[in-house]
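Just the one chain here, the form predicted on its own, laid out as structure tokens.
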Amino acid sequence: MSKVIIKLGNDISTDDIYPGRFMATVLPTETPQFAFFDRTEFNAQLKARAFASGSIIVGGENFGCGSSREQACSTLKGHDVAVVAKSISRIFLQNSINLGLQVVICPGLEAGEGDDLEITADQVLNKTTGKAYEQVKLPAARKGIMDAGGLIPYTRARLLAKQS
């Protein structure tokens, strides 16, 4: 079970998640400091590590729209948060899978900041309200890549398994 640390609206762009003016910073170890930089209070909380590992960012429709910058995913992965949104833009979703950022698509989700959510194989359970919401399942291969921590760890594990 994880706590919702912020509830965002629809059309949260990659520029909101990781502003373009920081594009010169690309190392995954350095990008987290710029997560939601223009949301100064939330950025300060992230930088202060005020949230537990696995905490959840809730989004509305079209989360991660805009550019294809993968830093928007790496900056969130660097804080070890998950994203649960009603829908996720195609490129952001693929970048999240490739980098191992935990994302869940849950079209009917109703959750607020501070709610406790439990993510199961099929549903997102809001333990605060007692309601359950169906999630959109990713194809097994894409889920496997995400759960392995991204495309590189997934590929590495498969190659090592073939050598054994």
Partner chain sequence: MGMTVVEKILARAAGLPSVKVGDVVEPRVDLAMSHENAALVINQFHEVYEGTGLSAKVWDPSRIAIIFDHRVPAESPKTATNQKKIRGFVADHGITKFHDIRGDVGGICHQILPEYGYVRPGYVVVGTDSHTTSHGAMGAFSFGIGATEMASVWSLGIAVNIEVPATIKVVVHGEFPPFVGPKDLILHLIGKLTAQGANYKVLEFHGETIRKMSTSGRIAICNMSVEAGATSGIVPGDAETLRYLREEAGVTDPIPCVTPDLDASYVQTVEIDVTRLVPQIACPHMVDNVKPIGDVVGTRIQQIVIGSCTNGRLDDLAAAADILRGKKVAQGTRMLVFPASSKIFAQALDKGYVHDLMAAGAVVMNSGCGPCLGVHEGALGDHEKALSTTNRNFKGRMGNPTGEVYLCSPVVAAASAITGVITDPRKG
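Numbering follows the first chain given and starts at 1. C-alpha atoms forming the largest set that superposes within 1.5 Å between two forms make up the rigid core. Keep in mind it's a predicted model, so treat the numbers as computed, not measured.
Keep in mind that the form predicted together with the partner chain is not shown, yet the notes after this line are about it.
Checked against the partner chain in the predicted bound form, the candidates 57, 99, 109, 103 yield a single residue with a heavy atom inside 4.5 Å, and that residue is 99.
Taken together, the three residues 23, 70 and 145 all lie with some non-hydrogen atom within 4.5 angstroms of the partner chain in the predicted bound form.
In the predicted bound form, the partner chain sits within 4.5 Å of a heavy atom of residue 30. Residue contact with the partner chain in the predicted bound form: residue 139 places a heavy atom within 4.5 Å of it.
For the chain shown alone, residue 115 is not a contact residue for the partner chain in the predicted bound form, no non-hydrogen atom being within 4.5 angstroms. Taking the partner from the other structure, the partner chain in the predicted bound form has no heavy atom within 4.5 Å of any heavy atom of residue 122. If you take 127 to 164 and check each residue for a heavy atom within 4.5 Å of the partner chain in the predicted bound form, you get 139, 141, 142, 145, 151, 152, 154, 155, 156, 158, 159, 160, 162, 163, in sequence order. The Cα shift for residue 24 between this form and the one not shown, taken after rigid core superposition, is smaller than 2 angstroms. Residue displacement note: residue 155 has its CA displaced by at least 2 Å between this form and the one not shown (rigid core superposed).
Relative to the superposed core, residue 12 undergoes a C-alpha shift smaller than 2 Å between this form and the one not shown.
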